[in-house]
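Only one chain is shown below, in structure tokens, and it's the form predicted alone.
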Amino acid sequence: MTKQGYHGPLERIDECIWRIPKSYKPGMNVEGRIFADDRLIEQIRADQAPEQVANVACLPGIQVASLAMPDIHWGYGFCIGGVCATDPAEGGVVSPGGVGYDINCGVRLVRTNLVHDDVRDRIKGLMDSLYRKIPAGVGEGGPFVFAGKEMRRLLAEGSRFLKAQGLATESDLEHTEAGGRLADADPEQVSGKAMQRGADQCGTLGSGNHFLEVQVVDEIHDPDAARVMGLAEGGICVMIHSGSRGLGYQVCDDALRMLRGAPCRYGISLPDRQLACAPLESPEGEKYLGGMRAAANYAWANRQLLMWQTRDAFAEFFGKPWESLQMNLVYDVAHNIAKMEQHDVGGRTKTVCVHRKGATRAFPPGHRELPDRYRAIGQPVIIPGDMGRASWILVGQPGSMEQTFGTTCHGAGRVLSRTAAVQQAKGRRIDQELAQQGVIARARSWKGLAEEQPQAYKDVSLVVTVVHRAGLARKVARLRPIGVVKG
């Protein structure tokens, strides 16, 4: 598939939703729906991602519509920002392309009792400390090594395994999506090569768009929800974005090889071979789900260990235990995952497999899966932006259950490929440009900063405004970066 722009139909439904009609191409079982406003839809048309939305609509057992969030851009199989739910009772399939190579790439937010004045004149020293403490970069290992029975337990238990090792608290688990563990993970579906790649990478950032940011809360939009989360204007937070590292990549790679012939075996016709899939209730589908869940558990453990090392770095730098700094986890959400969930479809409650590929869960107030603390306000939704502008905290709203299987956007969305971003950055010092904006950046390479420069991304505030207006999630607070560690 080439990546020229999309020239097919886009029909406006309302101010925030556009339709790709079911009649657009043969094989579409449902229509496509893209959440965007007038400004974002023009960027979206310039990419082939809407074609991928139409392709996903051809998957067997897909329910209601093939969906895309306003941060949509081209990806492998599914677009990034793509969402679909499939029903196993109707021959529904699971597709690794609907999860991605970095299984359970996700983000967590840690609040502190520090305020901007506490770090304003010390931010360079703090970022140096974090840069020394947090392993980052391509293939970089860290101080934690898991193998044999320990690795299998970690893959089966996720963050709960770390609690038994004294590296997580019960509060950490309570404030992590799914408690930091997907049930029915099958470590036997994780190859020896995958385990070897992940042996020393749990507790490491990696590279690409992964980061650790020190941020200051600079706008409060929902004071009640912010208070429940422990966020106040001027407060210091830390945002951590990483996934399942080499282990998850290998699990996906292995699965794609296993599934290469599955569509033919099950009589499934696909418009794009990158949508390789198998019925949820087939041996191949169950094997992928078991391995994917194990990799998701690894990713939650990875972010837990990254947070633990961050707490250590803050404690050393400020000379106080992290508990005294009140470095509490606000929430952790996955944005590359497939999960069996119950949803209302056409007036009936169904158990469906929700694929979220570069998309974030956004359950509303009262949902049974939310911790008691957030039951009244809705699930915290963490939307990172770029390292020069802002990130956002929202809460899930009822509209997400009505329109998107409990889902919203996951970030800003790229407008430049990594190659184009590097080309545009030639002769520039991105770190110095960021410093002039008040952001201290520490990175393993010039290329890493060049690929992730702010100009490579849409303005996350435009993306967030769409999901806010569409009723998928409501704005709570804006966070401005003041320091970043990149791979």
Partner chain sequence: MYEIFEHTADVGIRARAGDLNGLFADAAKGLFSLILANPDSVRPVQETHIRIDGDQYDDLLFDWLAELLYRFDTDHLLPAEFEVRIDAAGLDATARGEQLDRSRHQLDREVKAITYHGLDVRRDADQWVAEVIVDI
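Just so we're clear, the structure is a prediction, and the values are computed from it rather than from any experiment. Residue numbers count along the first chain shown, from 1.
The form predicted together with its partner chain exists for this protein as well; it is not shown, and the discussion that follows is about that form.
message = Looking at 169 to 177, 216 to 224, 262 to 270, 238 to 246, which stretch has residues with any non-hydrogen atom within 4.5 Å of its partner chain in the model of the complex?
response = One stretch meets the cut-off, namely 238 to 246.
request  = Can you work out whether its partner chain is within 4.5 angstroms of a heavy atom in all three of Asp37, Glu402 and Arg474 in the model of the complex?
outcome  = Not a single residue of the candidate spot has a heavy atom within 4.5 Å of its partner chain in the model of the complex.
message = Taking any heavy atom pair closer than or equal to 4.5 Å as contact, tell me whether Thr112 reaches its partner chain in the model of the complex.
response = Contact check for Thr112: no, nothing within 4.5 Å of its partner chain in the model of the complex.
ask   = Does Tyr101 reach its partner chain in the model of the complex if we count a contact as any heavy atom within 4.5 Å?
value = Because a heavy atom of Tyr101 falls inside 4.5 Å of its partner chain in the model of the complex, the answer is yes.
message = With the partner left out here, check for me: in the model of the complex, does some heavy atom of Glu451 sit within 4.5 Å of its partner chain?
response = Result yes; Glu451 sits at the interface with its partner chain in the model of the complex.
query = Any chance Lys447 has a heavy atom within 4.5 Å of its partner chain in the model of the complex?
reply = Lys447: contacts its partner chain in the model of the complex.
inquiry  = Please identify the residue among Glu140, Glu90, Glu369, Asp186 with any heavy atom within 4.5 Å of its partner chain in the model of the complex.
reply    = Among Glu140, Glu90, Glu369, Asp186, a heavy atom within 4.5 Å of its partner chain in the model of the complex occurs only for Glu140.
ask   = Among the candidate residues Ser207, Gln309, Asn328, Gln397, which is the single one with a non-hydrogen atom no more than 4.5 Å from its partner chain in the model of the complex?
value = Flagged contact: Ser207.
request  = Would you mind checking 367 to 405 for residues with a heavy atom within 4.5 Å of its partner chain in the model of the complex?
outcome  = Read in sequence order, no residue approaches its partner chain (within 4.5 Å, in the model of the complex).
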